[in-house]
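First, one chain by itself in structure tokens, the form predicted on its own.
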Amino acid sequence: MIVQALAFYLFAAIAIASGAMVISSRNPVHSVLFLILAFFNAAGLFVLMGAEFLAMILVVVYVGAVAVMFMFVVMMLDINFAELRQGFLRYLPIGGLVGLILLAELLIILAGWQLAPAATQSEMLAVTPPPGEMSNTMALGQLIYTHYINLFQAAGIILLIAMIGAIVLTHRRRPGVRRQDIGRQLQRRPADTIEVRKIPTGKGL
């Protein structure tokens, strides 16, 4: 029990520190690296809670795909981050207002849990199987593909539309951009691309 408590405090402290460094680092590459560290520690917290499937999904999907994609995008794009930081004070009031609204919503949710705990417990007991009867992965699959199948399919359709939109935007015709013509490349002959010249000894081009 003591080991689990120490592991919880260790993972939680590193996750909070990593989250703070994500938004405070000046280098965007360092921010992405701290984000990956926060994901790993969140996965460790899931393991301590007995949700090993969620921990695996967090590492495989977010660390292996999303964070790596962020890293490549940040390293490939030529973004002037100094110019972006200049407008920080201009948008600070709007950002502060949005932050206060989110904080108020969180406080309302926490107050609802404290004032009416029976309302949330009854809903959880209706869909959550008793512990010990099935594994965490089986219980999660049963909830997703039975009670929340419509929402799951809707999320899949939204992701499919987003993927198709990204492909259409990437492959649109743009003036002045050279595109690859595979058929023309395959029809190319060696005589059209290779030229053999005999250069006398001691003389260059």
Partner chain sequence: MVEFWSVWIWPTVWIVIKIVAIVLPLLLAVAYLTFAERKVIAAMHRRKGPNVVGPFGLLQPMADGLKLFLKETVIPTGANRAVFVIAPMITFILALVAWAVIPFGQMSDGTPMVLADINVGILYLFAISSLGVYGIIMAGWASNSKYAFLGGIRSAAQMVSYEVSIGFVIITVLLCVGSLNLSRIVEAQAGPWGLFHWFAFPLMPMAVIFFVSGLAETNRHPFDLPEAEAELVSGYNVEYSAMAFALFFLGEYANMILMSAMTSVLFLGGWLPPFNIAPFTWIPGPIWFILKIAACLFVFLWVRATLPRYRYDQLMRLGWKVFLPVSLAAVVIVAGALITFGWMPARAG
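Just so you know, these numbers come straight off a predicted model, no measurement behind them. The term rigid core refers to the maximal set of C-alpha atoms that superpose within 1.5 Å between the two forms. Residue numbers count along the first chain shown, from 1.
Keep in mind the form predicted together with its partner chain is missing from the figure; the text below concerns it.
- Using a 4.5 Å cutoff between non-hydrogen atoms, Leu143 does not count as a contact of its partner chain in the model of the complex.
- Using a 4.5 angstroms limit between non-hydrogen atoms, Ile182 touches its partner chain in the model of the complex.
- Taking non-hydrogen atoms only, Phe40 approaches its partner chain to within 4.5 angstroms in the model of the complex.
- In the model of the complex, its partner chain lies farther than 4.5 Å from every heavy atom of Ile157.
- Just one of Leu102, Met75, Leu92, Ile108 comes within 4.5 Å of its partner chain in the model of the complex, counting any heavy atom, and that one is Met75.
- The contact residue chosen from Met49, Val29, Ile161, Leu151 relative to its partner chain in the model of the complex is Val29, the criterion being a non-hydrogen atom within 4.5 angstroms.
- Three-residue candidate spot Phe53, Gly64 and Met69; every residue lies within 4.5 angstroms of its partner chain in the model of the complex by at least one non-hydrogen atom.
- Comparing the forms between the shown form and the other one on their rigid core, the Cα displacement of Ile182 reaches 2 Å or more.
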